[in-house]
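Let's start with one chain on its own, the form predicted on its own, as structure tokens.
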Amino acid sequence: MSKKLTFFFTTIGFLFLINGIAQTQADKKQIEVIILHTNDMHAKIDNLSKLAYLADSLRATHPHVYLVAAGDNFTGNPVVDMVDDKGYPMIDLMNRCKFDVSCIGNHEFDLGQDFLTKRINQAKFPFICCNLDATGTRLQQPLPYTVLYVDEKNTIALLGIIQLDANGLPSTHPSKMTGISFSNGIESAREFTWLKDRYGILIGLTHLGVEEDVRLADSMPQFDVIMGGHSHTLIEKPMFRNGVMIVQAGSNLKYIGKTTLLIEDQHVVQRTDEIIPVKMLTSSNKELDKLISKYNKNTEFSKVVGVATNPLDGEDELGSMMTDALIHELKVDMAFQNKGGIRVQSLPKGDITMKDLYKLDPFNNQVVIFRMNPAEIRSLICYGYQLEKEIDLQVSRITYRLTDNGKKQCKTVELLDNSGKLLDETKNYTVAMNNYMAVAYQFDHRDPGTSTSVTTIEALINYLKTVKTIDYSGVKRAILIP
């Protein structure tokens, strides 16, 4: 064969090869997927109309847009939590926003199993959780995962996981979870590694808290993204751990996370996340604005209960008011309030309404009274400190000073009465606390406790109606000594 012919056939072959590669690359079309993610909305409905507008605007210009929630949709707003059909306004609005999925958070159980089942059935999207077994209970068993079908080739699996406290239960009143069994979230998630092989793309939709999300990523590099909640963490730039992108968008719907995935042949080839402050969004869904206004119009919640002569800022001032209310109502020696039950960070100067109080204390917990000696009181304080890794319990009628042993545990706790004298170590004192603390906190107490018919919110309302004017500026009764 002549050199010219050899060159000709070689060139033709090369062109066919190039054309084949080009055709293969053309077949491997990259697809952009946008996932808007929220977490810990806590029934804050006012910004849902802006979320709906943002989601609809993206859907109008991008073919693959999804909206997900990482748990704790409820608890934190009386117009959602304290109405006869508890939780319905939130589900109604989430349906209208066209959510695609939510994982179950610990505060979903605050509604009780009957109301939660009703809300799950009304939702036009699935609630998912892989480490919960509701067999034989009044709660409808959630699916462990769900799948988003992007197109005929590309799918995204989302696996739901809920946090557990040291008692093996999510952070809510144990009575709300009677009969439900829970398993370790990370261990349960590992049973679903096959989702990655089957669907190509795997997202963790978790209510674990950012520290546990990091442990999850260390344990399961199969996740492409972990969209988290529970710790109320605003991750402004996504974290990367063990090849996994971890994101979270604060709380109370002040922010919306926007994850963008570039996928090709059932694999993520690029992933980014940005945080969108809701206050920067200037447009809203007008239909939802009207509906939200309707839900907010509840004359009972607008009633003025008392007046603050100065703003109440932080847990020291708010918790002091809440515990003073228990003293006023029950005439006990002292009262405690856990940090997790203080659901707002401040109350402004001026009128305090019923809505303000229900936002501050939305749980409707009954009060329990114990007879405790100082050693037992210290064990209660120290359990809270070890749980929160900082001062947890606010108090009335005494002050306490805590020193740390260097391991986020109590070294010493000094208990002082209002005159500054140490408590009598031989004496028993009557101690009031909410019934969540009574059953969920692990502390020494010989007395099993006596339940009262009084709830913490009733005590708070009655206290403010009686004293009428309050000023807690600068009050600090729980002190951590460096």
Partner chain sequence: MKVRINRHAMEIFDGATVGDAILAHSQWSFRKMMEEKLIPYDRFGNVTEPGGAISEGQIIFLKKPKHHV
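Here, rigid core means the biggest group of C-alpha atoms that superpose within 1.5 Å across both forms. Residue numbers count along the first chain shown, from 1. All figures in this text were calculated on a predicted structure; none of them were measured in a lab.
Missing here is the form predicted in complex with the partner chain; even so, the following discussion is about that form.
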Sort through 245-253, 81-89, 313-321, 295-303 and report the only stretch with a non-hydrogen atom within 4.5 Å of the partner chain in the predicted bound form.
245-253
Does at least one non-hydrogen atom of L234 fall within 4.5 angstroms of the partner chain in the predicted bound form?
yes
Under a 4.5 Å heavy atom criterion, is I31 part of the interface with the partner chain in the predicted bound form?
no
I'd like to know if Y436 sits close to the partner chain in the predicted bound form, meaning any non-hydrogen atom pair within 4.5 angstroms.
yes
I'd like to know if V454 sits close to the partner chain in the predicted bound form, meaning any non-hydrogen atom pair within 4.5 angstroms.
no
Which residue, V268, V368, I186, I342, is the contact with the partner chain in the predicted bound form, using a 4.5 Å heavy atom cutoff?
V368
With the partner chain left out of view, choose which of E191, D404, D289, E211 has a non-hydrogen atom within 4.5 angstroms of it in the predicted bound form.
E211
With the partner left out here, which residues of 265-279 have a non-hydrogen atom within 4.5 Å of the partner chain in the predicted bound form?
I275, P277
T233 C-alpha shift between the shown form and the other one of 2 Å or more, rigid core reference
no
At a 2 Å cut-off on C-alpha positions, does D56 qualify as shifted between the shown form and the other one after fitting the rigid core?
no
Shorter or longer C-alpha distance for Y383 and N167 in the predicted bound form, given it differs from this form by 3 Å or more?
farther
In the predicted bound form the CA atoms of T172 and V368, compared with here and shifted by at least 3 Å, lie closer
